[in-house]
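First, one chain by itself in structure tokens, the form predicted on its own.
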Amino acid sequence: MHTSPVALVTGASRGIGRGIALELARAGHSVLINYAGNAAAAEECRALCRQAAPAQSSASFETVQADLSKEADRQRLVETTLCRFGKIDLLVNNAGVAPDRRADLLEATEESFDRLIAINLKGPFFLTQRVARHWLKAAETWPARGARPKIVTISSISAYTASVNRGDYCVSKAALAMLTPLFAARLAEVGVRVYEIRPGIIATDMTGPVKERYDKLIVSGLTPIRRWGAPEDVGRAVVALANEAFPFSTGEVINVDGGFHLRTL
């Protein structure tokens, strides 16, 4: 059993997931780096986590390939994490995909819709269910006092912002937003707290193709904080939640969006 806290981070090889993994490593967490297909990026993330970890930390880092849209892969991911680390203290549902191409709402295809729902929604829903079942069985052995496991789901401002050229993505994120209140209500009895982080415009591979457009929007005041977000911005929010910064909160949504959600006159 590892003495350091153990985090399972999905989609952790690149982008926001890598930023989360690195910030958790800096905070002394062991991290299971899940990836779908890019093994080289996952190994690079693993090396960076080792460099970021405090010198005296007992943390260790592992990579596991798993397609979260597949039940067998989700089962293997959880079982491998428990085998290698002995526990899961933090589940970060970060893995997600954008549409293969941006298409007008009236031109969206069922194939794209099904892919986004399977990865962005079904995957985290049933992965969380599997981890929650493990925690419910383990709760009998938890000490009366002390930290409890946590769930953090990374959604998007697209959960409430209509983008008519990627409607299937917006629908998947809007549905994902319900994951947090559902599991927060169900798991409160054993002290598991559940949160959602809603990133705004974050500089990643996913947003690369629209960089020029968003550069102009940010300069013109789209967000009160006039800069791109960075993966580490999201990572630091995850660390705050993991490190008991909000002990009397659950089901909460944390906006990491430069103030995009504000309505001003």
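All of these numbers come straight from a predicted model, not from anything done at the bench. Just count from 1 along the sequence shown to find any residue number.
The same protein also has a form predicted together with a small molecule, omitted here; what follows describes it.
- Relative to the small molecule in the predicted complex, residues 38, 97 and 202 are all within 4.5 Å by at least one heavy atom.
- At the 4.5 Å threshold, heavy atoms of residue 154 reach the small molecule in the predicted complex.
- Contact annotation for residue 34: at least one heavy atom lies within 4.5 Å of the small molecule in the predicted complex.
- In the predicted complex, the small molecule lies farther than 4.5 Å from every heavy atom of residue 43.
- Put simply, residue 52 is far from the small molecule in the predicted complex: not one heavy atom of it is within 4.5 Å.
- Of the candidate stretches 167-175, 140-148, 180-188, 126-134, only 167-175 has residues with heavy atoms within 4.5 Å of the small molecule in the predicted complex.
- Checked against the small molecule in the predicted complex, the candidates 59, 68, 239, 218 yield a single residue with a heavy atom inside 4.5 Å, and that residue is 68.
- Taking a 4.5 Å heavy atom cutoff to the small molecule in the predicted complex, the contact residue among 88, 108, 119, 192 is 119.
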